[in-house]
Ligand code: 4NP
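There is one chain below, alone, in structure tokens, taken in the form predicted on its own.
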């Protein structure tokens, strides 16, 4: 049986495709890739059909991470049944998923899985949107997602 994971951001060209790629890369390195059904999407459909942002692709390439998805908008009719966890990149995305009818018990903030965060960090679990900034923002997002994906994998593969 596989665990379905859907990484969600605003437009599905920066944060969520990076999260998807990092998670797939780490799962493959651990030999557990076949345990997961993984995808990413955006709350909005502005970029549907587009590849990841070139800056997201560049940071992924530097880390030898492949970004397999093409942008798409969340589909409540199928996604909320297919995926066990809906991993929102920020509280705005989390709220939007809940407004669309996502089961609250399956909607989580991505950074809540970062094992380096303490309870004092609980008010700042957003992965910032790097879209309007430069490449350094994508590096920061990559580092956040690398830690959060590792923590998520640790939690999902505990026996």
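Numbering follows the first chain given and starts at 1. Values in this document were obtained by computation on a predicted structure and should not be read as measured data.
The following text describes the form predicted in complex with the named molecule, which does not appear among the structures shown.
Check your understanding: Going by a heavy atom distance of 4.5 Å, is residue 36 a contact of the named molecule in the predicted complex?
Key -> Looking in the predicted complex, residue contacts with the named molecule do not include residue 36, since no heavy atom lies within 4.5 Å.
Review point. Is there any non-hydrogen atom of residue 126 lying within 4.5 Å of the named molecule in the predicted complex?
Key: Heavy-atom contact with the named molecule at 4.5 Å: absent for residue 126.
Review point. Wondering, does residue 150 line up within 4.5 Å of the named molecule in the predicted complex on heavy atoms?
Key: Judged by the heavy-atom cut-off of 4.5 Å, residue 150 is well away from the named molecule in the predicted complex.
Check your understanding: Heavy atom to heavy atom, is residue 24 within 4.5 Å of the named molecule in the predicted complex?
Key -> Because no heavy atom of residue 24 falls inside 4.5 Å of the named molecule in the predicted complex, the answer is no.
Exercise for review: Could you tell me which of 26-34, 98-106, 61-69, 39-47 sits within 4.5 Å of the named molecule in the predicted complex, going by non-hydrogen atoms?
Suggested key: Heavy-atom contact with the partner occurs in 39-47.
Practice item. Let me know which residues along 1-27 have a heavy atom within 4.5 Å of the named molecule in the predicted complex, or say none if there are none. Key: Those in contact are 9, 10, 11, 12, 13, 14, 15.
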